[in-house]
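So this first bit is one chain, no partners, the form predicted on its own, shown in structure tokens.
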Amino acid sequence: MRNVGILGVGQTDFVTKRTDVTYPELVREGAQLAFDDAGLSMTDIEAVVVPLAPDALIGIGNGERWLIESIGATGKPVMRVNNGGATGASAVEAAWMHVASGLFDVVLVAGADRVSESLSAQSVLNKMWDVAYERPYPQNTITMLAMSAMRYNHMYGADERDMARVTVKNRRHASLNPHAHLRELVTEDDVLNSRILAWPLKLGDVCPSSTGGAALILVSEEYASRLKKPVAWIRGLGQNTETFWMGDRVGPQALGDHADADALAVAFDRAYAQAGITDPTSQIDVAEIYAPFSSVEFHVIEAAGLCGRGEAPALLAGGAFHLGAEGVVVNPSGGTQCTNPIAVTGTVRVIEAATQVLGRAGDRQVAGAKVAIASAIGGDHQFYSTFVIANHLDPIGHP
């Protein structure tokens, strides 16, 4: 397998709604930003992977057909990928395989999301669960993660104020990120006093529905060496899945408890093994992890091996994971909790990780960042994707 690097990245500013562009035009915006960053054009691209949400969430049918002309991909291989919230990361993994296998040297990942085009995004998400056994409860993305939050808090002694601290941290980080959707600073009490959605989750704990485009360009080591430009290298990647039925995740056949993210931990372990990561807390500088709700960030931090089970809330309360703190900085962009364009959320996580190790993150830059991780979660926490990204191809050691 060949080494694969990220040569160019692009993301629009994310907002609630864009009425000035169509979906294909929004994809083009993100792609053009990546072209400009890499110093390439569509002529240089050999294949395209499109992260694309279900048609019901973008307001048009078969969105991949509409964007061929808009990005100039006529005559090139194009692949559509959909894995729920992990779609954007799964698309990067598919593109990585195209390049690592030797099939192509230059592959574009380009997509966009405009959930505001949907008549009712929540009504679509409410229909993810099994009709006979789980939908009648009723299950949806909010109640599902409320149960997880309740279980985590019960198991590890965390509470709603611990969750509020996650929001406060992420909003502070997002305030430094010109692309982020929710950039207003909040206090813990602001979060605690916000409207309850499904206890213990409140409006201040959850992500927005974001509109915007994102793209990146992957190249082989041979191609990168000819250009002599800085590249963020994908040193490891992992993927894993859980059972569709949430009720089957507790018991002897389950990978873990609802409080934890054991299936995600397996995906991280696979990426770490490929990258040579043996001690995440000392070998990783930045974590851009998919956590759409405040409660999710705790068990993702723990699944990534950045601390032990149940330890994340106390560490956060003590100042860990913040920009400027010792150790790994978590979601310096503000993360998914502040920007969630569903289909390309995972792509944005990879873009942010790459931007960090290249030292180009501006006010949200983690000083001296060399190694970053990124992750995404799709479906009812069923699909998991993980990455290790570094600014070098040397063995990843200890600082």
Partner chain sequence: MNFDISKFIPIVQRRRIDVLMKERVDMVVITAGHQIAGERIETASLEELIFETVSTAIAKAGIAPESVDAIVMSGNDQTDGRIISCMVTAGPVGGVGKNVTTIASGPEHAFAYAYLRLLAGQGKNAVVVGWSKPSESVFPEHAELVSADPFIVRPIGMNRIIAAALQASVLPEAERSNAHSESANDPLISWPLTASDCQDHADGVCAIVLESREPGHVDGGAWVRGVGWAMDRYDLGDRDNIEAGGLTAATELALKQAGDSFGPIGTLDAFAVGAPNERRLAQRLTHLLGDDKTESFPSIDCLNPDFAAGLFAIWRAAQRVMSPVQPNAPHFAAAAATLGFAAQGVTVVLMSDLSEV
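Numbering follows the first chain given and starts at 1. Rigid core: the largest C-alpha set superposing within 1.5 Å between the two forms. Just so it is clear, the model here is predicted, and its values are computed rather than measured.
Below: the form predicted together with its partner chain, not depicted.
- Although the partner is absent here, residue 136 sits far enough away that none of its heavy atoms falls within 4.5 Å of its partner chain in the model of the complex.
- Within this chain, residue 199 is remote from the site of its partner chain in the model of the complex, having no heavy atom within 4.5 Å.
- Under a 4.5 angstroms non-hydrogen atom cutoff, its partner chain in the model of the complex lacks residue 12 among its neighbouring residues.
- Interface residue remark: residue 1 is counted as part of the site for its partner chain in the model of the complex, having a heavy atom within 4.5 Å.
- Of the listed positions (293, 321, 96, 268), a single one reaches within 4.5 angstroms of its partner chain by any non-hydrogen atom in the model of the complex, namely 96.
- Residue 241 is the only one of 175, 241, 143, 194 with a heavy atom lying within 4.5 Å of its partner chain in the model of the complex.
- Proximity to its partner chain in the model of the complex holds for none of 222, 273 and 301, with the criterion being a heavy atom within 4.5 Å.
- Comparing 29-37, 329-337, 55-63, 367-375 against its partner chain in the model of the complex, the single stretch with non-hydrogen atoms within 4.5 angstroms of it is 55-63.
- Residues 379, 380, 382, 383 of 359-397 are found to place at least one heavy atom within 4.5 Å of its partner chain in the model of the complex.
- For residue 61, a C-alpha deviation of 2 angstroms or more is recorded between this form and the one not shown after rigid-core alignment.
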